[in-house]
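A single chain comes next, written as structure tokens; it is the form predicted alone.
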Amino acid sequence: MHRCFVPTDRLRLEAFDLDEAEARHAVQVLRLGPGDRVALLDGAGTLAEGVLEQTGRRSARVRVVGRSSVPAPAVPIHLLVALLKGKALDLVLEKAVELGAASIVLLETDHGVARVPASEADRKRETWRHTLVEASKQSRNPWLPELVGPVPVVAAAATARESGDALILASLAADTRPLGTVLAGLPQRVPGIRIAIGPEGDFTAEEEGILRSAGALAVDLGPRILRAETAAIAALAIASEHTRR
């Protein structure tokens, strides 16, 4: 069944029009018409089923025939990841949705080569949000991660400290322990988990110091040095599995 992303206020209605982009894809690409069923999600925990009532080349009206709510994860996982270039960041955003990240915080880092000029910020954020939405539809994840940043490491560290969440730092330092071991040793009622992943070349010593001062626990992700996008996906997968137990 084709999945459509619908704003929360609209999905509360019994019947509504899809956004033009969603309608065009359903009608012109998938050749759906009146009577066809579609799955609907809003990124805020609601899943619904609808029936197309009227369609045009750029329009589609849907009537809701079933609706359910999915609770948010009991222990949210927040990914703090260095701003990566192009396809690497796209991959991380996509997989973060599939793996159930509650938020994605993009970090401005000294070793990071990607930069977002102020004049490009709005366009970039719209592109990133589109990636998140498409991944949500593909994976049928009813919860769309909050996208934050880019922000300095010091700001992300301060937010982590104030939240009371467990802060995890993927590090190449010698004093690390396996991520699974560290997660297993966390208090049972930890409010959330935040995982910090640096850029290619890792965090600087100063950035790592800022995170450790905020209470970060240093971990490794195995015996090999991983690319930043691989590290982010691996860490999320391990943490996601841990929180399901």
Ligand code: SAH
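A residue's number is simply how far along the shown sequence it sits, counting from 1. Please read these numbers as outputs of a predicted model, since none were measured by experiment.
Note that the form predicted together with S-adenosyl-L-homocysteine isn't included here; everything after this is about it.
Inset, instruction - Find the only residue in 21, 13, 237, 225 having a heavy atom within 4.5 Å of S-adenosyl-L-homocysteine in the predicted complex. - result: Checking each option against S-adenosyl-L-homocysteine in the predicted complex, the one that comes within 4.5 Å is 225.
Inset, instruction - Decide if the three candidate residues 42, 135 and 144 all line S-adenosyl-L-homocysteine in the predicted complex, where lining means a heavy atom within 4.5 Å. - result: No, because 42, 135 and 144 lack any heavy atom that approaches S-adenosyl-L-homocysteine to within 4.5 Å in the predicted complex.
Inset, instruction - Please run the contact check for residue 36 against S-adenosyl-L-homocysteine in the predicted complex: heavy atoms, 4.5 angstroms, yes or no? - result: The answer is no: residue 36 has no heavy atom within 4.5 Å of S-adenosyl-L-homocysteine.
Inset, instruction - Using a 4.5 Å heavy atom cut-off, state whether residue 199 contacts S-adenosyl-L-homocysteine in the predicted complex. - result: Residue 199: yes, in contact with S-adenosyl-L-homocysteine in the predicted complex.
Inset, instruction - Using a 4.5 Å heavy atom cut-off, state whether residue 170 contacts S-adenosyl-L-homocysteine in the predicted complex. - result: Flag for residue 170 set to yes.
Legend entry - Heavy atom of residue 233 within 4.5 Å of S-adenosyl-L-homocysteine in the predicted complex: The answer is no: residue 233 has no heavy atom within 4.5 Å of S-adenosyl-L-homocysteine.
Inset, instruction - Tell me the stretch among 45-53, 214-222, 28-36, 186-194 that has any heavy atom within 4.5 angstroms of S-adenosyl-L-homocysteine in the predicted complex. - result: After filtering at 4.5 Å, what remains is 214-222.
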